[in-house]
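Only one chain is included here, represented as structure tokens and corresponding to the form predicted on its own.
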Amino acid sequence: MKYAYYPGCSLGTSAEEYDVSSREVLKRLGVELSEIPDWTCCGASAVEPVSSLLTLALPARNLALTERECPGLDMLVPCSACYLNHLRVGRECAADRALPGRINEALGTEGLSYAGKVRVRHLLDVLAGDIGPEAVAAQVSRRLEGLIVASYYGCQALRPYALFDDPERPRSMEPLISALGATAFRWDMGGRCCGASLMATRRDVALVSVAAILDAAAGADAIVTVCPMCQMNLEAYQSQAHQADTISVLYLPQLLGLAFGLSDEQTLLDKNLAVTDALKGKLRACETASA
């Protein structure tokens, strides 16, 4: 399997651990990544108040580059905000026949043209659908027996385009967690909004959302995410939102990597803001039991 890889801005900075662990895990699973040459920021949610055209032209540029440089490949995107922004281009163009011309007029200054030929895929979609739990289980060398893991999907991987999971009752992560030997925590908060960028504008509102998610995860050893913004909100604001004990928060590929026998250094576990000694102790016990 081969994909055109769009890491996005966060994975090169604040979410470096997501990028590194994703690359390592996909390599172990036999996936080849071709990073899109000269990719640029997709604008995410910050550009729309400035320009509706730029909101679409920025991700369309990356899609046009993929069409030209990685023909025939799906675009694999780990960041949920980036995934949604790139996916949105095709949906908006299908609804407005004049829009592709406006976008291509903007792209034409670089000699680029967007034709709508690239299929945009979230990392979770690829892991759950293309690779699957059986292939994941085959790579496990440290079975995570006894570990209870809560799957947190957030909003943007699932809404408004429910392409690979049910946004109200998402379940695509659970078979992957079970394949590692861990137990999937049963809860109904996996698709609940964490407050997203409200943390920068209305922190009081966002903290209520974060607190509700963390409170509902009581009894789990860790929460796993597939979105840099969700990861940041659930990690960095625990002390403000949550009065109980710290809850470990990992990216899904970090958890997969640890089960595959990758070290804390290989998964950049030290970059996470919320990893408890209790979780580290359980991981060591799993390693000893699997030896």
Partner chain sequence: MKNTHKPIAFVPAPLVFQDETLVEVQNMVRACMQCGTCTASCPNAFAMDLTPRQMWRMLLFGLKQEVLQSRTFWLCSACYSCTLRCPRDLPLTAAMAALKRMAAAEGDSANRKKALFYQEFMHNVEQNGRIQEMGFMCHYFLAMHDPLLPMEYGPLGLKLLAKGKLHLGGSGQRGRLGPLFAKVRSMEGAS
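Residue numbers count along the first chain shown, from 1. Just so it is clear, the model here is predicted, and its values are computed rather than measured.
There is also a form predicted together with its partner chain; it is not shown, and the following applies to it.
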Segment that reaches its partner chain in the predicted bound form - one of 67-75, 216-224, 166-174, 124-132, heavy atoms within 4.5 Å: 166-174
Every residue of I148, R284 and T288 near its partner chain in the predicted bound form, heavy atom within 4.5 Å: no
Heavy atom within 4.5 Å of its partner chain in the predicted bound form - residue from A182, M199, V136, V120: M199
Heavy atom within 4.5 Å of its partner chain in the predicted bound form - the one residue of S34, S263, Q243, T40 that qualifies: T40
is_contact(P160, its partner chain) in the predicted bound form, heavy atom dist at most 4.5 Å: yes
Proximity of G190 to its partner chain in the predicted bound form, heavy atoms at 4.5 Å: no
Close approach of V210 to its partner chain in the predicted bound form, 4.5 Å, heavy atom: no
Non-hydrogen atom contact L279 with its partner chain in the predicted bound form at 4.5 angstroms: no
Contacts with its partner chain in the predicted bound form - residues in 258-282 whose heavy atoms fall within 4.5 Å: D270, K271, N272, L273
